[in-house]
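Coming up is one lone chain in structure tokens, specifically the form predicted alone.
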């Protein structure tokens, strides 16, 4: 890894260099009911619209890798000739400008399933590999527990990562593409003073985490408490609305629907993201539902995040961003659920 520093006003120049591509970054979209700013990843044309000091976005950047709805293929039948058209829906390079470590780690986890597994997903892979990612350091919010999940720092999955040192940025360079882009702006080699200030920023960030989740032997505890009454208690609160999956940066469950024209001359196959908390998620042909009760669906979502994914990939699927708890209409959040399964509260 190469380290550079550059003055803050040089970031504007870097944005201009990158803006020949489509740039997506955090912008303010409005205010919530408590008059707090709402941030979202949106296509940005003007550097001044970026809000790089944002605490967290309401929705993750997932929709640029896993769109809520995506056409997988289409079919036509004309004059006895059958044709199939597949479009990966990637039309230009894309720059993700200002992602936090937890969201980059979320992509790294998705990569394990959707790129590096036995059956990779070309629709996701084509978007992911056609992307330039600039990360930026953040300060923990009250609902963040990414440190507990090991997602407060990131080692790979980005091209460049920036840390604010006051009058300049400390840049970690991980790809040759990032290195070549930085040649177009004024940079300096990182000095020992820069390294010391960087470490101070990291220490300050570490000291500000107030929410924690004990993950010690969590997979074993979940196995032991599979039939615990506490799941029923949380299930009674759950509205089965699927909001948690909608705002989660790592939920990837989906459904596929085929629509055939009435004249049988054309058809379309469409993929839609879905949620394992929705009542019909496990319903099969004939009307049988393998998970008819809310507490069972909620439990399996937690088991997938903190048990099944750990077994398959030796790490949790959760990155501790806290979006699910912040958005849940029933005030269900991961730290409280895990603590209750441990009988800590």
Partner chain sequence: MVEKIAFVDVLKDKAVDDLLHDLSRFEYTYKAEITNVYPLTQTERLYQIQIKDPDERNRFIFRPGQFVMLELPGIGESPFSISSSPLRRGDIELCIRGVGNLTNFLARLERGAEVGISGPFGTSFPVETMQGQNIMLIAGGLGLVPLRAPILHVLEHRSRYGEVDIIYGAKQPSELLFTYQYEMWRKFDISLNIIVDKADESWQGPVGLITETLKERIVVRNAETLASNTFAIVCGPPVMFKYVCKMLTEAGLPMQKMFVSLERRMHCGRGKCCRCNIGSTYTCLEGPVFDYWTVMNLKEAI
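For clarity, every value in this text was computed on a predicted model and none was experimentally measured. Residue numbers count along the first chain shown, from 1. For the two forms, the rigid core is made up of the largest set of C-alpha atoms that agree within 1.5 Å on superposition.
One more form of this protein exists, namely the form predicted in complex with the partner chain; it is left out here, but the text below deals with it.
> Considering 240, 141, 108, 130, which brings a non-hydrogen atom within 4.5 Å of the partner chain in the predicted bound form?
Partner contact (heavy atom, 4.5 Å) among the options: 130.
> Exactly one residue in 188, 183, 256, 264 has a non-hydrogen atom within 4.5 Å of the partner chain in the predicted bound form; which is it?
None of the other options qualify; the answer is 256.
> The partner chain is absent from this chain, but in the predicted bound form, do 90, 93 and 226 each have a non-hydrogen atom within 4.5 Å of it?
So, yes: the whole triplet contacts the partner chain.
> Might residue 303 be said to contact the partner chain in the predicted bound form, defining contact as any heavy atom within 4.5 Å?
Residue 303: yes, in contact with the partner chain in the predicted bound form.
> Residue 114: heavy atom within 4.5 Å of the partner chain in the predicted bound form?
Contact with the partner chain, yes.
> Under a 4.5 Å heavy atom criterion, is residue 62 part of the interface with the partner chain in the predicted bound form?
Although the partner chain is absent here, residue 62 would stay clear of it in the predicted bound form, with no heavy atoms inside 4.5 Å.
> Examine residue 159 and determine whether its closest non-hydrogen atom to the partner chain in the predicted bound form is within 4.5 angstroms.
Heavy-atom contact with the partner chain at 4.5 Å: present for residue 159.
> Just one of 209 to 217, 264 to 272, 100 to 108, 166 to 174 has heavy atoms within 4.5 Å of the partner chain in the predicted bound form; which?
Of the options given, it is 264 to 272.
> Using the arrangement in the predicted bound form, list in sequence order the residues of 100 to 124 with any heavy atom within 4.5 angstroms of the partner chain.
Heavy-atom contacts within 4.5 Å come from 113, 114, 115, 117, 118, 119, 120, 121, 122, 123.
> Aligning on the core only, does the CA of residue 226 end up 2 angstroms or more away between this form and the one not shown?
No, because once the rigid core is superposed, the C-alpha of residue 226 moves less than 2 Å between this form and the one not shown.
> Taking the rigid core as reference, does residue 81 move its C-alpha 2 Å or further between this form and the one not shown?
It does, since the residue 81 C-alpha is displaced 2 Å or more between this form and the one not shown after the core fit.
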